[in-house]
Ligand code: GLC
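The chain below stands alone, shown as structure tokens; this is the form predicted alone.
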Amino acid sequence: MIKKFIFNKPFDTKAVVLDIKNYDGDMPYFSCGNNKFCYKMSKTACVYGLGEAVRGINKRGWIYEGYCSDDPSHTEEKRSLYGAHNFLIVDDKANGGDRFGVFFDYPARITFDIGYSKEDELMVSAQTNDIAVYIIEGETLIDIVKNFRRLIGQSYIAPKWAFGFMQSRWSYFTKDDVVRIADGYENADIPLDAIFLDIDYMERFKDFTINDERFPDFEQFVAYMKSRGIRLVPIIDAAVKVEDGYDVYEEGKANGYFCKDENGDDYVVGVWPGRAVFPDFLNEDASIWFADKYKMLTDMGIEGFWNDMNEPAIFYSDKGLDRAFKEIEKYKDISLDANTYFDCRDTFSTLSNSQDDYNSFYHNINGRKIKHNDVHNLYGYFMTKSAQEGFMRNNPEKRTLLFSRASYIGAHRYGGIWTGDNHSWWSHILLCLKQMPSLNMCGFLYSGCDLGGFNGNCTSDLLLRYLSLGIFTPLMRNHSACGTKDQECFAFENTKDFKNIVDLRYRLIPYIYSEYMKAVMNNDMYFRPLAFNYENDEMAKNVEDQLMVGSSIMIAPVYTQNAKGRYVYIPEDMTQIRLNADASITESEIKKGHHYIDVALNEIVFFVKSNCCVPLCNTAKNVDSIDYSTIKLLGNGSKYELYTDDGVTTNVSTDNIKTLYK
């Protein structure tokens, strides 16, 4: 079912966990040569995958790149975002054609031209011929996903509390700000499990420091917030500030743990703290050293982290900045015309994330000097791997929340991801919906977007519609940028509407957590496109704004401003579940076919498959206080397989599944 093909000398990315011998034969489906792999597509073939990417669930008609990119503008013309997830499924079986998956295990830039240059051609182009390719076959689309997921290993399991609703912002600047947010949610009676701390909790943006003026008595504050049922989740950035006397910098410099320039000196870049250096996460000694630094915070009671800026993001480098200052002098005393004005303007704007910089620093990997750009896509992955392995060394029985911005396949074993700096745009609700199943195919189950949008000013109606999708994503976090309008649920009028929707998330936790855990244990998908459940239904294959969630639910969120509802395709007879404005639940049967469904801003509608059930419990102020004895089953089925455990330890087993009967 899985065939491995080795070309030249590929780098060991550690994405694959199965020991598969190189296949002695020609590679099927593709013609190969000059670092290129070409597959001829029929007009009816669909192409799925690529994890975190723009555009549709079916990836045909555009050109994508596997290249981790710090880009806050997620528009349709972009070719890459923060993750590099080089797995595709080609499906034309319904029309007598091929069906297979393919994983290009390659840590540098790789391009996927999927019917963009030539309508009938899938062309994959790598920078070099050092690549491992895996062909994955299976009878069904889900079979292919499961076989691929066996190849790359079991997905990360977050602690159960991390399935609750979480609030974040760049930035809550002080301890009082955090208390104000907690009070706001408590006064509005809206459940909350965590508040995030962005870069301003640190002392001058230095990793593994606390700003004692803004957050005095931090350890006691962490305990106080937890006594209120709220965890604090701090950010950790990839870059370490260059500062004499700063212990993290001094230790890393003394031991040679930072990435080097061509001459063997630490490569200096500019990020949040100013001049900074990058820990060499691909160097095992450096990786262990940096990971153990998290213990400073876990010893204070911290139980979760988010890793950021780990593509790695670069604002500027020393050499790039020097070059820019020299260049700008040329324009000082001249009249800027149509050509020179734009050249002058772009002198500094092109400093960020420069390819010249990525080609100018190096890693020490088992004594070998490796140029960063040759392994670029592994940096965020290895930062996540490093941190999670550190948690397991220091507290092997306990789950720690961890998710990252940058990632590569393999990182899914160590943490989740969020989809980065999206916008307060209606189109980004739909973008999030389309990204979720593609990420699941690649093993990233604990995922979600910034609800309400990170960039821009969110409106009440937009946040309500974002939440209507977000109550189903395993990672459910409201996050916004510094300088934008307040985006907390209690910051808007009619807070009861927000309460009812967030309450429903907590009522659904028994289902969401069960389906997540079963997907992990079975190498399955938590989110599926309709085409994966209804392979013989041509209409389902064309639906890209509805998803299957777990074994029983179908969702069809509203993502258009001022819409009073939407058209929904029902692929089989189902039970429609409606959360009404007064928080009551209504069940009704709905027949297969196309229907217009009214969905008010303060309502949620979802659908349960025939002969299936969904467990629903009473709401709670946080996950730890959910009362499972209040569960009742919705839908016209007779039973449900519920997964329950302590949600904290790593004791995960099918023995934790019990059958509930209606």
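Since the model is a prediction, treat every value here as computed from it, not as a measurement. The numbering used is simple: start at 1 and walk along the sequence shown.
As for the form predicted together with the ligand, it is not shown, yet the points below apply to it.
Interface residue remark: D193 is not counted as part of the site for the ligand in the predicted complex, having no heavy atom within 4.5 Å.
In the predicted complex, H412 stays away from the ligand, with no heavy atom inside 4.5 Å.
Proximity of W418 to the ligand in the predicted complex falls within the 4.5 Å heavy atom cutoff. Although the partner is absent here, A556 sits far enough away that none of its heavy atoms falls within 4.5 Å of the ligand in the predicted complex. The contact residue chosen from I181, I235, V277, L462 relative to the ligand in the predicted complex is I235, the criterion being a non-hydrogen atom within 4.5 angstroms. Distance criterion of 4.5 Å from any heavy atom to the ligand in the predicted complex singles out D198 from the list D198, E488, D497, D91. Although the partner is absent from the chain shown here, W272, W306 and M309 each have a heavy atom within 4.5 Å of the ligand in the predicted complex.
Checking 548-556, 198-206, 341-349, 106-114 against the ligand in the predicted complex, the stretch whose residues place heavy atoms within 4.5 Å of it is 198-206.
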